[in-house]
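Shown below, as structure tokens, is a lone chain in the form predicted alone; questions about how it binds or moves come after it.
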Amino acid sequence: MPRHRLALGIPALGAIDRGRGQIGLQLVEALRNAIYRGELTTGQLLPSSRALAESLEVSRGTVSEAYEQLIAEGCLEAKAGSSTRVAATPTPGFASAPRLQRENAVGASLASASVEQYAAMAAKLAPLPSVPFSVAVPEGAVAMDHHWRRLSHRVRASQAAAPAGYSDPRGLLQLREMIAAHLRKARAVDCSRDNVLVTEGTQQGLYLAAKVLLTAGDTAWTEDPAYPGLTAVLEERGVRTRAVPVDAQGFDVVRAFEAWPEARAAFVTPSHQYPMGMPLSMPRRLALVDWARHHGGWIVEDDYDSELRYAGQPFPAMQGLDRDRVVYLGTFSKVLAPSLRLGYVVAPDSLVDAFIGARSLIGRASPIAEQHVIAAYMNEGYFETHIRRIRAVYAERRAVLIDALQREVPELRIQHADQGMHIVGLLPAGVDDVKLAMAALDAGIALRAVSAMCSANSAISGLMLGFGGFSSERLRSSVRKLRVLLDGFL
């Protein structure tokens, strides 16, 4: 009788639902929860398996198996010749300590610096909807062609892309060979396949570069304005960021060195400055390389939008000037599709092993099937054909957007840039680009505010307007929406 009363005195056991089945699993969960909630306390005697089985009207084997599971988990203990008891709590002092009020505990948790920091990053890096003027929307005429679909089906039907063991953290060998060959030919990058690591896009490349090259407290130069994903990475690493305003020639290394000579790395977008659009002039490229050589600095080159120049040939990469001091970053996201999440790092020989180690820590490898598809796409010549095709389409759409803006929104001063998938328009004095961008979403268009990418020492009010993924008619109609929207801010 006493044990029968004890069994009936465990409220959690009344929650067992016979109609749901899996009585043994329910019994384990009920007893475990009773222990966690304190309904069963340390050292408390449990009924025998026979008594509890009779009380619950289940088989004795079901109860025995439940006890054995909880003994294995350390919730219960049983010694030979004695009954089953609740196991000892490893930290009994906590039971007597005063409990925090729930709201205070939650508030303290949310006050954590990491929680606030990462939540702010999530808001800063949130993607815009796929409406004009969002950047990098590969739809319609700029979507990947039927060759991609054919190769994708072929690769996925082959044994090569079948699920297997861990792959090389550097990435698929064939893809690294194709990337190295393409970069040597198209971007004048001095590398071999051994210098290439496949990443999950430029964002991961920036994170790897920051981890390998810098430690908390180090100083790094960045452009001003700069890509928010970069500044977020450096902030997360505890790096002291020194923002250098760009001018018509791009990043000014002489000015940066005079102000902060202790810098260990420079993060730049020399082919197409993000977001303003100007290329880094050759004299400044040479000056930056000279600084890196003589001061032991590192240059991280994000070759943003390098393939998409509409007047003349694309500018060569900086990495070709000094393969030993430049870490080169590229991506397939802009020219193929952002959802592929595939990019690459070209690391100097002295840093390859370090990048492999850092890559292994944050993810063993990128999805292998997509790597096989891109390798085949490049090997059969379709990648270069795709680049030529979309360059022609983007050039036409860019011209349409500029013409529509000049006619409909003459107040918007367009920044000169002859490449990329977006243009920047500077707003009249007094117009808040952040508020304008927020209001644009309600109007069905997507704008990025330039001021949100600037440091506290820079004051640029402007808008990024992407044109790549949208037809000429959608661009014109969206410019008319922008005209109406801007009238409310003037």
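Fair warning: this is a prediction, and the values are worked out from it, not measured in the lab. Note that residue numbering follows the sequence shown and begins at 1.
Below, we turn to the form predicted together with a small molecule, even though it does not appear here.
**Student:** Looking at the partner-bound form in the predicted bound form, is residue 207 within 4.5 Å of the small molecule by any heavy atom?
**Tutor:** Output for residue 207 is no: heavy atoms all beyond 4.5 Å of the small molecule.
**Student:** Please determine whether residue 333 contacts the small molecule in the predicted bound form, using a 4.5 Å cut-off between heavy atoms.
**Tutor:** Because a heavy atom of residue 333 falls inside 4.5 Å of the small molecule in the predicted bound form, the answer is yes.
**Student:** Indicate whether the small molecule has at least one heavy atom within 4.5 Å of a heavy atom of residue 383 in the predicted bound form.
**Tutor:** Residue 383: no contact with the small molecule in the predicted bound form.
**Student:** Just checking whether residue 274 would be counted as a contact of the small molecule in the predicted bound form - the rule being heavy atoms within 4.5 angstroms.
**Tutor:** Judged by the heavy-atom cut-off of 4.5 Å, residue 274 is in contact with the small molecule in the predicted bound form.
**Student:** Name the stretch, out of 351 to 359, 405 to 413, 213 to 221, 296 to 304, where some heavy atom lies within 4.5 Å of the small molecule in the predicted bound form.
**Tutor:** Single hit among the candidates: 296 to 304.
**Student:** Checking a candidate spot here: are 281, 315 and 419 all in contact with the small molecule in the predicted bound form (at least one heavy atom each within 4.5 Å)?
**Tutor:** No, the whole trio is out of contact, none within 4.5 Å by any heavy atom.
**Student:** Considering 85, 341, 240, 391, which brings a non-hydrogen atom within 4.5 Å of the small molecule in the predicted bound form?
**Tutor:** Of the listed residues, the single hit is 341.
**Student:** Work out which of 371, 202, 195, 134 lies within 4.5 Å of the small molecule in the predicted bound form, going by heavy atoms.
**Tutor:** After the contact test, the surviving option is 202.
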